[in-house]
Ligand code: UGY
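Given as structure tokens, the chain that follows is alone and in the form predicted alone.
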């Protein structure tokens, strides 16, 4: 780090309880218990207004967790942005490469290990599972996005969607990848009860958040709270793609 050559500035927008845009510039690394040789940026938590916690993790060669992440009613999800990762769940090892992921149900926890010779970059996520009487708990899911077939989104040929988890009632959340070719957009401005945590994997765009148009690009994280108006246009020369969480399949309590 060196002294800045100009006035300090940021693209970050934080509206607690409503929405947030968090660019990679300005992220602060945190040391977490039971994470060895890891740096972590906490990009969403209940302190922001989210019902989940999401992290960007960089795990050095030989890095690992020394205690299971998740379990005891907490469901968890890990996605490999760069590098490789071994995920151990219930004494079974899953070997992930870039684009690989594991969803761990709430009765199990996951151990993460980087047994390669280079750093690994991860998206890590956890939330408390909402059980429903008569509906069985979800199951472990391990896959890679390169094995999944995108579907056309809302009938628009230049926008595709990938569901990373089953659309089964046992799951109270899903992870999706939405990709817009340059010039692509949502079909309308969405307003809904679900909240999202979206990490931009590629491209750039203009995102509509709470009646404001906001420039976004690769590496940004967007948290969208319930009922916040949202939509995007992809701009530039490459597709705008992001991985995002969604709560689903549950009736709101009163």
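Positions refer to the first chain, counted from 1. Values in this document were obtained by computation on a predicted structure and should not be read as measured data.
Another form, the form predicted together with this ligand, is not on view; read the next lines as being about it.
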Exercise. Taking 4.5 angstroms as the cut-off for heavy atoms, does residue 241 touch this ligand in the model of the complex?
Worked result: no
Exercise. Quick one: does residue 207 come within 4.5 Å of this ligand in the model of the complex, counting heavy atoms only?
Worked result: yes
Exercise. Does residue 18 reach this ligand in the model of the complex if we count a contact as any heavy atom within 4.5 Å?
Worked result: no
Problem set entry | Heavy atom of residue 165 within 4.5 Å of this ligand in the model of the complex | no
Exercise. Judged by heavy atoms and a 4.5 Å cut-off, are 153, 186 and 190 together in contact with this ligand in the model of the complex?
Worked result: yes
Seminar exercise, completed: The one residue among 178, 102, 111, 123 placing a heavy atom within 4.5 Å of this ligand in the model of the complex is 178
For this session: Counting non-hydrogen atoms within 4.5 angstroms of this ligand in the model of the complex, say which of 44, 38, 224, 200 makes the cut.
Result: 224
For this session: Work out which of the listed stretches, 191-199, 45-53, 28-36, 58-66, brings a heavy atom within 4.5 angstroms of this ligand in the model of the complex.
Result: 191-199
